[in-house]
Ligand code: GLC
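Below sits a lone chain in structure tokens, taken as the form predicted alone.
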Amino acid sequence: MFAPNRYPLLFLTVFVLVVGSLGCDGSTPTEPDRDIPDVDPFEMNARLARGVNFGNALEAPREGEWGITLDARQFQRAKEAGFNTIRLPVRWSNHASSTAPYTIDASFFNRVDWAINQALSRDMNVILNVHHYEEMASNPRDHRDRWLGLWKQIAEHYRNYDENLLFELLNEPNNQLTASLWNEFLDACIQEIRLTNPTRNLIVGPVFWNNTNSLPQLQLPADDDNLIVTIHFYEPFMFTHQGAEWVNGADAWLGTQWFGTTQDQAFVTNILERAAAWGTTNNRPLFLGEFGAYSQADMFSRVRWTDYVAREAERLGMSWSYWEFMSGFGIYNISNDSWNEALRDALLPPATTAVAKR
């Protein structure tokens, strides 16, 4: 049996070598700290281009509870289809302690690492967010420090990942998280992340579920250029959410169609153009982080709406990420490894996808 008190110099040397190879939390860093390229946010936004949300997996209370467990095949299918970006919703709040320093479970960190690396290894961008932290909406003041504590750990953990990993600070702030509180919290969170990720592009959005109407209330630090602003778009809501089990009264909307008439198109265009005008005025790139129509809508309407929204976003200089790859809004069926080809082609028209892959 080795007795350190009999060989003090040898023990000290071994201790320094072992501990020195670990992070401050005992984890093994991916590599020593290195400089991350400072990519202009407009350039990065153009790189994001056409993305898809891997929803209902890591942001479920526990992965698998909502019927989706991630595997490598799904990332490969998304890459082969022509998507540039994976938006990865994560419910960190269910995998961290409730008291300071709000330690995130190491095994969950490992699972998120795996998912991120699945995308990065395929030359895809990854948007990592904090999703379904519901207490931040219902009781934001009491959960502010915990949310900041989560981001302190996330930012430190991924500080050496390349610029193709982006952080999205909070999905759809709403309810008691008012615009004034959110602006205050945002500033604190950005400052925390910048301690370890000074140039990484961050994604932030306005209150009221990232609604375009709330953009004028969003206040961002003027001295931070590496910010991309996200919006979500599900209009008209009675069409996109008809029959949605989580929306009160949604069954009454069943049968609502979207014909793509001049009036239908003008309604969509007006909202997106106002958002684009805000981006131009404030010199911030815009990312359409979520849009989609639920599977209870008829397929012809879903395809028409999806194609129109995606093309309008592109026309206005927005990158986008469709909600979602699998599950209720999905374009891919994991049970039989097949595509909803009409929806996939609405997002990624075959001619343009072929050009993009060259």
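One rule holds for the numbers: they count along the sequence shown, beginning at 1. A quick note: this is a predicted structure, and the numbers were derived from the prediction, not measured.
Beyond what is shown, the protein has a form predicted together with the named molecule; the following relates to that form.
For the three marked residues, 50, 233 and 308, no heavy atom of any sits within 4.5 Å of the named molecule in the predicted complex. Remark: residue 246 counts among the residues lining the named molecule in the predicted complex, judged by a heavy atom distance of 4.5 Å or less. Heavy atoms of residue 323 reach within 4.5 Å of the named molecule in the predicted complex, making it an interface residue.
Put simply, residue 171 is close to the named molecule in the predicted complex: some heavy atom of it is within 4.5 Å. Among residues of the shown chain, residue 241 is one whose heavy atoms approach the named molecule to within 4.5 Å in the predicted complex. Only one segment in the set 176-184, 264-272, 195-203, 127-135 has residues whose heavy atoms sit within 4.5 Å of the named molecule in the predicted complex; it is 127-135. Counting a residue when any of its non-hydrogen atoms is within 4.5 Å of the named molecule in the predicted complex, the one hit in 329-349 is 329.
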